[in-house]
Structures are given as C-alpha cells and as structure tokens.
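One chain follows as structure tokens, the form predicted on its own.
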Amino acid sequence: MTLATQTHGTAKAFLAAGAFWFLAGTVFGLIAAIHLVAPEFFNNVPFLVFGRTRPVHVNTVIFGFTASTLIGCAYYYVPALLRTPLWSERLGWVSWFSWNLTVLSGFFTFPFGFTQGREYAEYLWIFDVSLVVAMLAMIVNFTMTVATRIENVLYVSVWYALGACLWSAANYPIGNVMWHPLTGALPGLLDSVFLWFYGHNLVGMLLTPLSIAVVYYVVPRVARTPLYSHTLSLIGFWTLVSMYAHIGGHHILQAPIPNWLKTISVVDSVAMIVPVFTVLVNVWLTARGHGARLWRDPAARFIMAGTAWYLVTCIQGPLQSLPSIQKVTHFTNWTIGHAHIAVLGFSGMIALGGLWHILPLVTGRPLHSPRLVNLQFALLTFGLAGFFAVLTAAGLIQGEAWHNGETVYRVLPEIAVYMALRAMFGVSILAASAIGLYVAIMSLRPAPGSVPATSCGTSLHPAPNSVPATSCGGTPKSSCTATVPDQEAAP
C-alpha cells in the first residue's frame, strides 16, 4: 500500500502538519512579542523585525495550524459519518501538498519583504492559486464522497465541513483580489471593503464551521449520547450563513464607507448572538449529565474549553462592533486580545481536541501520552488566559488615553509591563505547542510489528457505546458493523 492510497493517509498528513505549524507559528509569535518588549533586540537582523515576523505568525497559525488541523479532522469524520471510504486519497494528497506549499511559502517570502501587504491576505499570487487549488480538491473529494455514500442521512458535521470548503473557495479569491495578480489589491477605499469582507469571513466561514463540525462530532461520541436537537442544528447552520457574511465592515466604521454598510455590519454583528448561542445551547445540553466523562477525556476537555472561549469571543465581538465602544477599543491591544481568543481560544482549542480524539481512530492505537496532552491543556489555558487579560488591560489603557487626547508615544511606558507579561505568557503557549508536536509524532509513529490500517471494506462510524477492545484497521471492531452515528440529521 503506497502513501497516496493508505486509508486515512490524508487525515494523518493534515493532522501532523497542523501540529508542526502550531509550533512554527508560535515561535514567530514569540519573536514578534520580544520586539514589543525590546525593540532593538533583533535590530541587525532585518528578516526578524516585527513587521516581517508578524505576518508569518498570523498566517501560519490561521492557515497552517488551525485550518490544517480542522481539515485533517474533516478528512476523517466526513467519510466516517457517510459510512464510506474517502473518494480519493490521491486527491486528498493533492490538497495537502497545495495547502502546505502556500503555508510554507510565508517563511521564505514575508521575512524578505515579498508580500501583498494586506491583513490575512499577504501570500503572493502564485501561492493564492495553490491554496485555491487545495480548496477545489477538497470540494471535489468531499462532494464525491457524499455522492458515493452508504449512509442516507447527511449529518450536521458533514454540512458544516462542505459549507466551509464552498464558502472559502468563493471568499478567498475575492478577498485576495486574484484578478489583479500584480498587486492583489484594489485602488482606494474599495480595497478596505473587500479586505474586511474577506478577513472576517476567513474566520467565520472557514474556521468557525470547521470548528463547530468537530464539536458536533466529538461531544456526542465522548458523552455517548445523540446530539440534543436537530432543530437547533438547523437554526445554527442557516443563521451563521445568513448573518456572518456581512459583518466585516465593523472593522472600518471610522472610514468613509456608506452608512448602509456600517449599519448592516453592526446589526449583523449583534445578531451573531443567535447562531452562537444556538450552537452552544445544543452542545451544552448534549453534554448535560456527562460532565465528568467529558472532563476525564483529554480531547473533550479541549473541545469544551473551546466552546467556553467561543462564548467569550462572541460576547466581546458584538460589543466592540458598537461605535460607542469601538471608539475606545479599536486599533488597540484589546483587538489583538480578541483575535487571539477567537483563533487560538475557540478554533485552536477545538482543533487540538479534534486532533487528540481522531489520532487514535486513524492509527488504531491510543495516544502516546494522555498526561502530556493534559499538560498541554494546562499550559495553553494558562498562557491564553493571561495573554487575553494583559492585552485587554493594555488596550483599555491605550484607548482611554487616546480618546482623551494623549499622544501614542507617551502611552508606551504605561503598557511596557503588559508587553513583558504578554511575552511571558507566550512562552507558556510555545511550550504547549512543542508538547503537542511531540505527542502527535509519537502517536503517529508505527508501532513495532504493526500492520498498516485498512478500512475493513468501508470506513464506518464507531457506535457511541462501543468498547474498542480490539482494532480492525484503525477503528474499533464494533465500527466494522452497521451502526447508527451519534448525531441528529443535519439540514
């Protein structure tokens, strides 16, 4: 069996890449944090100055760590829920190569000044093409897997995974202005409108649906109970689609964009309470009465923490979209703190939960060290909570001072201690990423004398109450028989 046709090979590759990019992206994040404490530290190293390391950090964490890990999870649970093998592992590897080529390019272009210079849209045009190719390959692969499925019902996680691929394949070329390959941008204010339409939808139409899909897959399995409500899954899915796409304009309320666009952006930002609370209520009621089981499971612990960060993120987000609050918080470290709990707290925690839940399923062996996974959880929770607290405090200091007419440079000494604390908490996050990579590598290593995994004829979804006493090609023996997936039907 070749690597390109190995069962679950694509899922393993994306999960391994996600664990690696988490460490690589965090290293550059710490370098950027050091600049804010000692700006002269890397003075004689041009490719390590803040303006060049920050894009590497941001894009690697979004596309490399979070998205790659969530996509790896999708490459497992989509076929599993459909009770059929992935349509094409070879096409899956095409998507893996194209996706990771784009992520890797950031390390060889951004530090040397080769960038399109737009938030979340820095990759050069040729690597934009590579990323879109990866998305199209995923769409074909998942769609054909749906078309050849054994399971008649499409479960909610499948809907979110397919939706994320379709929405992002349309959103990415628009946001990166790919029809202007020389600049990747439009002239004037219109470029900001396009950019923030894309920037917010990158989070809301790629990371958010993929994260929710993992939650809906893992929580019922660990709790050993069906998803609480089919109706709530319908409401959550369609309200996310209808409301999230329009909220990017709240990033440029101070710009002279049309008033109708400002109004829509703010109204839909506040209305995001509906899909968010719908999902959270559905998940938490599913988990009700099973808290001890979820807490003892290393993967579910990450998932439930991610839902808590989702709540915090989506309370803070609508509030800071209001003009009366934004005039104090915008362009400050408050916004940086918010971005970190959205990407690392919500999507990142859930991505790690999916990683630790699905790795044993694709390898047929338990995790190398659940204790190290628990240590990673502790370090990440400590680092992120501290990170969020100090950046929020620093942002409020900045915003209040600027709002009262103080100059920027006179505020810098007041937030210096917060920048030092930021770097300290960043070390904790860096340690967590290193532990995660080690556990992932050791869990993926073939055991001595092991037999390559097969899909037992079909890749079926394990029964919620099954006991994996023996394995049958990477899944518990009980999953080699027709069992009912533990989700309610999706739209």
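On a predicted model such as this, the values are computed, not experimentally measured, just so you know. Numbers follow the displayed sequence, beginning with 1.
Same protein, other form: the form predicted together with protoporphyrin IX containing FE, not shown, and the subject of what follows.
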For this session: Spell it out for me: taking protoporphyrin IX containing FE in the predicted complex, does every residue among 66, 250 and 429 have a heavy atom no farther than 4.5 Å from it?
Result: yes
For this session: Could you tell me which of 134-142, 322-330, 229-237, 83-91 sits within 4.5 Å of protoporphyrin IX containing FE in the predicted complex, going by non-hydrogen atoms?
Result: 322-330
For this session: Spell out, yes or no, whether the shortest heavy atom distance between residue 313 and protoporphyrin IX containing FE in the predicted complex is within 4.5 Å.
Result: yes
Problem set entry | 4.5 angstroms heavy atom contact with protoporphyrin IX containing FE in the predicted complex for residue 299 | no
Exercise. Does at least one non-hydrogen atom of residue 340 fall within 4.5 angstroms of protoporphyrin IX containing FE in the predicted complex?
Worked result: yes
Problem set entry | Contact test in the predicted complex: residue 444 vs protoporphyrin IX containing FE, heavy atoms, 4.5 Å | no
Exercise. With protoporphyrin IX containing FE left out of view, which of 129, 379, 397, 272 would have a heavy atom within 4.5 Å of it in the predicted complex?
Worked result: 272
Exercise. Along 379-405, which positions have a non-hydrogen atom within 4.5 Å of protoporphyrin IX containing FE in the predicted complex?
Worked result: 387
